[in-house]
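One chain follows as structure tokens, the form predicted on its own.
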Amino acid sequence: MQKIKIFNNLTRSKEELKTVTPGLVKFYSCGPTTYDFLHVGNARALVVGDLFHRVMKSLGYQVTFVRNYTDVDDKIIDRANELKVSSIEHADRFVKECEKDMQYLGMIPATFTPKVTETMKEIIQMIEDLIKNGFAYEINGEVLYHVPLFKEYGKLSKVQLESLQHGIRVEVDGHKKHPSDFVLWKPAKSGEPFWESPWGNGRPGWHIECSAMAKKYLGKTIDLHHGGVDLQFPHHENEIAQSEAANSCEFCHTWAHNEFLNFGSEKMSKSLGNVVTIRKFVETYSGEVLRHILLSVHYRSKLDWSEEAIEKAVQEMERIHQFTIDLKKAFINGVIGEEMVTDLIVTEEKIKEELANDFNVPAAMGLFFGMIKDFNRVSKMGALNTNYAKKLREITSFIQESTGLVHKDAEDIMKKLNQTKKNLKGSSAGDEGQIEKLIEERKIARSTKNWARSDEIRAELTKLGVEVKDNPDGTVSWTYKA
């Protein structure tokens, strides 16, 4: 088991991951609100959570990973009312759509994926504990958390109570003891779903759900909590206040947050209207390309969304998967690369060190691309040494498991990438039937040594945005240029 260091936003420093039980990570990541199709900004948080899960498992940890679904929410109710369906039915539909998107993104299953509607008993119990411990109060069927009583409020977001900016879901009105007090339980309104409680029919506030689900599946104290940087306040700050006041112990050792995905100069959000849904992107380019883009920069750095980012991802993915194809076809039982096995062992350790260093995927992939470059150089010389080829496969398998950036069916990925390049070119991309016809005509010209016509056809193909490759075995392959 390799020790992992993570930048802990609670202390604003990189620290060795501390676990309650040695070798076991109790990990919670805030999941989506299921009211509509997810956009690629949502995808970044999902893929980063999946990356943490994969890397920790690959480096020898046992991981209990909880990622929730918020299936009771004002947005869900409003959208359901617009469509004249029940909010429970609407949320359930989009839970299923979220699951499809996660499959497209190559995510491995979380240990538990609870829903708010399945956790009402635990939510109500935690609110009762907060009232009993003196941190919450009830007024006319509404229960609120009294923020000033929690003396460490603001320890994650580093803001003072007097200067706190209220989140979009925090209402300020006259019946609160303090303007920063937030809702734990809200009374039922006409046309909304509700559950029975000691304070009357109603439903939970936003923040209490994650505290209750984390406790239900991971216990009172967890090791790692993740979410987007926008959740740091008020959501995660309120989770800490609720959990520590209810349970009388530390809630979470380490808090990790991924940065925004920027669309131009603005963060991607539905309210700004600059939304690209995961589903639309997958239909046009593929989920594998989206995953690669989202992991192309460190999770704590902003990611600029652009056509250039898509093109760069395609180029890198082609390098990776052409390598896996070439490695599969390479002649083995030779001597080429024999002296490089020791270097590969060092490279493997460095890759693991980078991933253990706050999940530094770009640095790890830089080492992997260096390995591919060396392979491309030496594989032209003859049959590869068996141990050299074996170690290449081991490292490639590790990258596949730990990052999800190497895919098993390389030939299928190459076809998807070719389609992506065609879609990027739009109407300027040549028709595939026309291209195949020209390729065949060029074969005939070359077989009859009509080099002038062969060169003319290559020039035509270039104008159509096509790159032609004459393979050593006499076959011809082509791809759209990125």
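Since we're looking at a predicted model, the values are computed, not measured. The numbering used is simple: start at 1 and walk along the sequence shown.
Separately, the form predicted together with ligand AMP exists; it is not shown, and the next lines address it.
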property	result
Partner contact for residue 374 in the model of the complex: ligand AMP, 4.5 angstroms, heavy atom	no
Interface membership of residue 424, ligand AMP in the model of the complex, 4.5 Å heavy atom rule	no
Partner contact for residue 258 in the model of the complex: ligand AMP, 4.5 angstroms, heavy atom	yes
Touches ligand AMP in the model of the complex: residue 31 (any heavy atom, 4.5 Å)	yes
Partner-contacting position among 39, 442, 54, 26 - heavy atom within 4.5 Å of ligand AMP in the model of the complex	39
Listed residue that, although ligand AMP is not shown, lies within 4.5 Å of it in the model of the complex (heavy atoms), from 114, 205, 154, 228	228
Candidate stretches 58 to 66, 39 to 47, 415 to 423, 442 to 450 - the one whose heavy atoms come within 4.5 Å of ligand AMP in the model of the complex	39 to 47
